[in-house]
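Just one chain follows, in the form predicted alone, and it is written as structure tokens.
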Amino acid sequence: MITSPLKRETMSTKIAALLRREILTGELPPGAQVVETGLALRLGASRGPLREAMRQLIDEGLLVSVAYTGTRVVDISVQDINDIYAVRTCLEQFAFEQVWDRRGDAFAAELHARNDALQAAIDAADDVRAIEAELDLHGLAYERAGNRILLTTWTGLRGRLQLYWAAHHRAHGLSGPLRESHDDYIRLAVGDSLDAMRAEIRSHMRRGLETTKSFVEQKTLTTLQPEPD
């Protein structure tokens, strides 16, 4: 948990990073309220940078502000997971269709560099850094596709994907994806067959889906169960 005051000049950035880490590690669980006054006392922060950090996490899709209710961590349901799976599969296939003829040595080198960063985060057992590195790896096709609307859509989806992957890792007892989980993805992403890449994307998205859904369902049932007298 966050316990020490933060330097004023980078206050909002540090608050956002630390809250993001608490959300993705489950210290701030889905649905938890984020109370401004409590955070201000805990962090030794003034309201201005605190509100700026919270707005950033709302924009990222990690927090939601509801009128008369306050700000809370976004909850993720089985329906959310199904929706994310369906939308992301279509988006990523489309991203590769758009980028396919734009690939080259620079694309391949950057893809491998991002995978190296992911591997380093996995080896360090840093789940939050691994989630961010995995998003960066998948984000390359969107960034290089030359389609601004596609990139904007992907950027808006990142927050929910962070929550999805955090749940996925907890479901599997992992501190990140398996080291070899992107081997086929990378090999086909720089290969010659777009059809093979489309098939890999479908398969890649499906892996672990049912386990993650079961994890979220169980967490929901546990939350709804009445406490014993």
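Numbering starts at 1 and runs along the sequence shown. For the two forms, the rigid core is made up of the largest set of C-alpha atoms that agree within 1.5 Å on superposition. Because the structure is a prediction, the values reported are computed rather than measured.
From this point on, the text means the form predicted together with another copy of the chain, which you will not see here.
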The one option of L135, L150, A120, A113 with any heavy atom within 4.5 Å of another copy of the chain in the predicted bound form is L150
In the predicted bound form, the residue from D192, D195, D59, E27 with a non-hydrogen atom within 4.5 Å of another copy of the chain is D59
Taking heavy atoms and a 4.5 Å cut-off, does F94 contact another copy of the chain in the predicted bound form? yes
Self-check item: R160, heavy atom within 4.5 angstroms of another copy of the chain in the predicted bound form
Solution: yes
Practice item. State yes or no: in the predicted bound form, is some non-hydrogen atom of D105 no more than 4.5 angstroms from a non-hydrogen atom of another copy of the chain? Key: no
Q. Quick one: does T155 come within 4.5 Å of another copy of the chain in the predicted bound form, counting heavy atoms only?
A. no
- prompt: Taking R51, R55 and Q79 as a possible spot, do all three reach another copy of the chain in the predicted bound form with a heavy atom inside 4.5 Å?
  reply: yes
Within 4.5 Å of another copy of the chain in the predicted bound form, heavy atom basis, the matching stretch of 85-93, 136-144, 105-113, 123-131 is 85-93
Those residues of 101-129 with a non-hydrogen atom no more than 4.5 Å from another copy of the chain in the predicted bound form are none
### Message
L50: after superposing the rigid core, is there a C-alpha shift of 2 Å or more between the shown form and the other one?
### Response
yes
* Core-aligned C-alpha movement of G191 between the shown form and the other one reaching 2 Å -> no
Original post:
On a core-based superposition, does G31 travel 2 Å or more at its Cα between the shown form and the other one?
Top reply: no
Per the comparison in the predicted bound form, the A53 and I122 C-alpha atoms (change 3 Å or more) are positioned farther
